[in-house]
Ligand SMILES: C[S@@+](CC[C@H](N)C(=O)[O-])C[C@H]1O[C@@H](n2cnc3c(N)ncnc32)[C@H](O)[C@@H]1O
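Just the one chain here, the form predicted alone, laid out as structure tokens.
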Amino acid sequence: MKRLHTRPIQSQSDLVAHFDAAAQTYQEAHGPAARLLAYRLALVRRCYHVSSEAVLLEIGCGTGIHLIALADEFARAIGTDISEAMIQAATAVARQSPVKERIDLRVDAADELWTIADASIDVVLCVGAFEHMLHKARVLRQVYRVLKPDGVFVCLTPNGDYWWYTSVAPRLRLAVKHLSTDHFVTLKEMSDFLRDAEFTVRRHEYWRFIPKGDMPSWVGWMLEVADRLGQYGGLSWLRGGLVVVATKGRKT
């Protein structure tokens, strides 16, 4: 196994530089790309019910693989990312889409969203990016601002309570962070962030996220077995991924 080395991040410009450098060679590191993408898309689609006139925004969209796959289900699909190189890579892929005219890709930090108007978005999606965002509370305030009333925020992120992060990796003395500023939120932390931003948390679940690219192969096999036990036994600490769905509006 190639040992994971955590990159020091001192500022937002360091964060941008990391993702700019990764953009051209960015690929799925934790298993079969097509199968894992299909799995994540199925999870996302269960989280909202909107009309074909709805507008989707993905923050931290990276190379746009989720946004572009979902674009034909929305009237508009907007992707934002802090990295210009990631947006350039996503644009190259989007040009091949049969619904490329619906796709709009922009360089825009998630904690600013200066290119997005107030109350203009039906669904905001964040997949595998929230853990890298430096100012999480500020991000969620911006998400709240741009959502329409009753708009939906869907976030798929690593589970901060996952035993790989809390127990196994520390005992094996293995790094789990790609960036020094990475933070994997627990369900409680995420719920608190959302409530502080005036969201209503509608539901949560756990999903199969096993960072196989960051661990020895035998550990990946062990965690995959444990994940299935956690899924059927309701043991959240054995699940690597957290899904949270929240809405802009009061709880009814």
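Quick note: we count residues from 1 along the sequence shown, nothing fancier. Since we're looking at a predicted model, the values are computed, not measured.
What comes next is about the form predicted together with the ligand, which does not appear here.
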Contact assignment for the ligand in the model of the complex, among Ile82, Ile121, Ile103, Cys155, heavy atom within 4.5 Å: Ile82
Interface residue in the model of the complex among Met133, Ala90, Leu140, Ile78, criterion: non-hydrogen atom within 4.5 angstroms of the ligand: Met133
Partner-facing stretch of 158 to 166, 91 to 99, 108 to 116, 70 to 78, counted where any non-hydrogen atom is within 4.5 angstroms of the ligand in the model of the complex: 108 to 116
Contact label in the model of the complex: Leu194 to the ligand, heavy atom within 4.5 Å: no
Cys61: touches the ligand in the model of the complex, heavy atom cutoff 4.5 angstroms: yes
In the model of the complex, Ile65 touching the ligand (heavy atom, 4.5 Å): yes
Partner contact for Ala129 in the model of the complex: the ligand, 4.5 angstroms, heavy atom: yes
